[in-house]
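As structure tokens, one chain now follows by itself in the form predicted on its own.
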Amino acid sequence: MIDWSRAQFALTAMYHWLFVPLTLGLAVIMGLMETLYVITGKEFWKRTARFWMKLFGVNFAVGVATGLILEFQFGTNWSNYSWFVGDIFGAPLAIEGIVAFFMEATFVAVMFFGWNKVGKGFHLASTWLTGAGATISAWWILVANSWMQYPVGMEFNPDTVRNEMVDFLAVAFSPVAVNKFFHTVISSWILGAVFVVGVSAWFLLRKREHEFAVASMKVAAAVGLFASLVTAMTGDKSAYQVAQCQPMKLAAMEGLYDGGTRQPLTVVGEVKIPVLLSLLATRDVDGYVPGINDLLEGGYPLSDGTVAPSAADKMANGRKAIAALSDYREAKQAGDEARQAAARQVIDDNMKHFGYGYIDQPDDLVPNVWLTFWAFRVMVGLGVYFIAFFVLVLFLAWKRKLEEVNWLHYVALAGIPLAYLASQAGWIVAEVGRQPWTIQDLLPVSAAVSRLETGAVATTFFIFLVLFTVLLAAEVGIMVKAIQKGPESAD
């Protein structure tokens, strides 16, 4: 039942993420094109912006449908999780719906239907505000996700058996949330840029709309190169944060079982870069990076001068907290304040390892190393590839040879599925790498899941699989027809 619940949520999340990055990426590119129209007054840029806006609209609509289902699954499939931290997790999702979603839903209507009804300036503002709404929406969703990976700003209430928010700013602006936002959103610009370059290359292969295709490729490649470089920088920061907050995830990303100082970074196989992993993870070439076995066995030095506890020690502490919680509730019912206070102290002392009390054996703390290891390499490898790709496109544009290099057009088309693969791989690293935790160190998936019949979850898995596949096929079909039709006149 747990596996089916995880599979259903993963299915929904991965389908939803097929639509979100293209929405975020196209929003920036079409906004820049309309800005050029307003500045220059050339109808060419209006026509260009409207073409990409049409593809944005189709993608946006389908993304909304999958996103709504995803949010409801927190209540249907993960009700224990929703009960345990709903007071915290629900806040950013509520703000996302009330502020960001309504903002983009309002201005997207002006953007699509207001071309001949509002002034140029107001329409341009509506285009940018639609993209801003989608980006703000991503901010609050990523705040919620980051809190699951780095829980801060809360306090456990043994009377309600819930974690309650005590510092909204700590939740909303945690360093993990801020970095994850920039890394995720700006990497989405890469996908949008690759998509625009690839579709434009198709027009060049068909010897159609040369001016439109070349101009679109120039704008998209400039956005893509900027986004690729920023994503690389935020990726470095993300790796450092993972090393500090989720060392088991880092060990899985590197396939590192036995750690130590001056650790090399594994490129692939036996190809390693000396001391680079220690430098990236600790900002010190002599820094100690624990491996999977070290994390399970404990005993290695921590940055604060203490020694890391073993997985068995953490599990024992977690069980102390769970037992003390039961004792606290019994004492409260009996009116024994002294016993209640003593139990509360035990809970507070061991709360940071609370979730370990639900772990059956230490090996359960190890995520899928093979999948995490290779997903990380796919993400990083393709990220480096796209930097080189955008540099080449911009170089050929500067040399005025974009139309002549036919092989590049095929490469550009092939880049579209590669961009989606890199984007999905990033989320696989983030989510598979943190297993078995729903909330890092506080709640494993085994304790977060709803009490449902396995058959019911399995049945709805296949219903969603069919539904999402039909939606995806419909979206691709509509977008292909729109692309084949090409940009229409601005009138």
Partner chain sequence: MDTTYLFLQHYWWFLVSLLGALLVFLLFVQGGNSLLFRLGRTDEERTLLVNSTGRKWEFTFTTLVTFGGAFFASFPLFYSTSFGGAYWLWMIILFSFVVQAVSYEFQSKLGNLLGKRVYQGFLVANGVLGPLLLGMAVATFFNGSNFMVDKANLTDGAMPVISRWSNGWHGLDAFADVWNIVLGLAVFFLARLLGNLYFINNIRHEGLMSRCRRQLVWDAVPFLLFFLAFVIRTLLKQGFAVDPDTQAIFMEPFKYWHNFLAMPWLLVLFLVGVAGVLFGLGRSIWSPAYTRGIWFAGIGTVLTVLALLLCVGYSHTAYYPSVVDLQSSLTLANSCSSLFTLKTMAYVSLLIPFVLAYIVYAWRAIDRKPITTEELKEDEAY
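Bear in mind the structure is a predicted one, so any value in this text is a computation, not a measurement. Numbering follows the first chain given and starts at 1.
Note that the form predicted in complex with its partner chain isn't included here; everything after this is about it.
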query: Stretch from 86 to 94, 400 to 408, 182 to 190, 201 to 209 whose residues place a heavy atom within 4.5 Å of its partner chain in the model of the complex; finding: 86 to 94
query: Partner-contacting position among V268, A388, A338, I98 - heavy atom within 4.5 Å of its partner chain in the model of the complex; finding: I98
query: Among the candidates T261, T282, T76, N368, the residue which, in the model of the complex, approaches its partner chain to within 4.5 Å (heavy atoms); finding: T76
query: Exercise: T460 in contact with its partner chain in the model of the complex, heavy atom 4.5 Å; finding: yes
query: Non-hydrogen atom contact Q424 with its partner chain in the model of the complex at 4.5 angstroms; finding: no
query: Touches its partner chain in the model of the complex: V62 (any heavy atom, 4.5 Å); finding: yes
query: Its partner chain contact in the model of the complex: F107, any heavy atom under 4.5 Å; finding: yes
query: I69, F168 and K481 each touching its partner chain in the model of the complex (heavy atom, 4.5 Å); finding: yes
query: Within 466 to 481, the residues that have a heavy atom no more than 4.5 Å from its partner chain in the model of the complex; finding: L467, F468, V470, L471, A473, A474, E475, G477, I478, K481
